[in-house]
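Before any questions on binding or motion, here is one chain by itself as structure tokens, the form predicted on its own.
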Amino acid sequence: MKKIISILLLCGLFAGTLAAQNTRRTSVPLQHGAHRLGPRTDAYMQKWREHGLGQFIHWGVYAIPGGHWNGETYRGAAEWIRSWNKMPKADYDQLYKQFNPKNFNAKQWARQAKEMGAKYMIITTKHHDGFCLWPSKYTDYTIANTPYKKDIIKELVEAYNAEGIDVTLYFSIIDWNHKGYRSAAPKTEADKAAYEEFKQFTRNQLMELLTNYPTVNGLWFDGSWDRAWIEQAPWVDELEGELRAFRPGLIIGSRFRADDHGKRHYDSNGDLIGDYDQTWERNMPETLKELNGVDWDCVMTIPENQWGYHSDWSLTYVKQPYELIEMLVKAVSLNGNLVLNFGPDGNGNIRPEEAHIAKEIGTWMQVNSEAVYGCKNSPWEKQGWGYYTQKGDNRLYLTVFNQPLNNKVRVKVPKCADDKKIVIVEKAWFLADKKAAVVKNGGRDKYGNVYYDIDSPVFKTGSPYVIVLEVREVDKDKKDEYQQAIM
């Protein structure tokens, strides 16, 4: 190894960096608020929080029009095209009779996800239109009555599990196809009776999914913002309990239900409802403080706001592999996961642009996934070159996205409150080629902060790269181990 110097750290740095558990901020009496304070500590949830990267798939009959109808272009999210005033509802509701994705290959999708580096996948069992990708016995509006006929959810669960990828099932509470569905709270006796039928239908389908696919690890809910659903808090809370009892370890995010007063995600006491925060959709936090000490993930589109297949991506900004990789590392640096969305076309093809992005991310992950999987936030202060992630108590990963013009990655060393101990850097190397890194004294600022510079030439690939620091805590009186840190 080339010259390595000792680096000071904050005392207690390695006591663990998951944020402290929540405490109630007020004392509003609730029957249907959060039923647990702080993160889950079981093995199912620990595995989930170590995934780093996930894949979302939005797929259904909306992929057939692909954002167009009768020569006109729908500029909204493609999976919402049925709500467009230029899309005749009766025509849309007959599209399932054309749904025959002859190019669909579940094993190919799963292999591509594996090569990208995804550890879990979320698939739309049904979106707001109510069309089911599994042969539900509670409605005729399913894959069984299409030309394709086969159970797509079964094919996907088996294929992804075979690749070692966990599967979560997306389920929309909104169901435009069910006669009992209401968005507004029912007022008349007829509406109330119809909505009771819808509630039972919803419960039956959810139990059916958990029964049919016993390996799925979570349910991801959408469309739970309707007033009709929000006002069913006691019933939804009971249903959640039934689902969890049926499938121990089931992971359910903060979207499913509201509390007694209609608060969603966080209850009236400010405590998280569910197992993780789902408020981060197409946007990301900037600091750990924003995250309230809870688990979270960010679901992210590639075009700015397209989830299902839209054939025209020129309508909006399209994210590139480099920035998506940055979002991934940023999420992990803040104790979260990034879930990247794909919208296959009506024939079952992953579009070429998405395949290219998956390949680019996968190429980067093959070299650098050690800085993602099983990593968490590090309390080292973020610098302009990129992000820190941390694994265990003694390994830091510096992922460099913005190469300094002088080819020196500068790190700011936190002051230690207890001057009896310091942490030394025992090793420093580049993850890509395992070559040792040269660390040099960078001086102090007027506030007494210590800086060090790591010689870091640009890698030929031009991709983000990772520097690894391995550290060890020692007593300060061991001068032979820290003397070079003394200024």
Ligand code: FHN
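Start at 1 with the first residue shown and count on from there. These numbers were taken from a predicted model, which means no experiment stands behind them.
What comes next is about the form predicted in complex with the named molecule, which is not displayed.
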Contact residue in the predicted complex, from F104, Y195, F171, W80 (heavy atom within 4.5 Å of the named molecule): W80
To verify the annotation, which of these, E281, E304, E290, E163, has a non-hydrogen atom within 4.5 Å of the named molecule in the predicted complex? E281
Is it the case in the predicted complex that W220, R255 and V299 each bring at least one heavy atom within 4.5 Å of the named molecule? yes
Which of 187-195, 221-229, 151-159, 372-380 lines the interface with the named molecule in the predicted complex (heavy atom within 4.5 Å): 221-229
Decide whether F56 counts as a contact residue for the named molecule in the predicted complex under a heavy atom distance cut-off of 4.5 Å. yes
Flag H128 as yes or no: does it have a non-hydrogen atom within 4.5 angstroms of any non-hydrogen atom of the named molecule in the predicted complex? yes
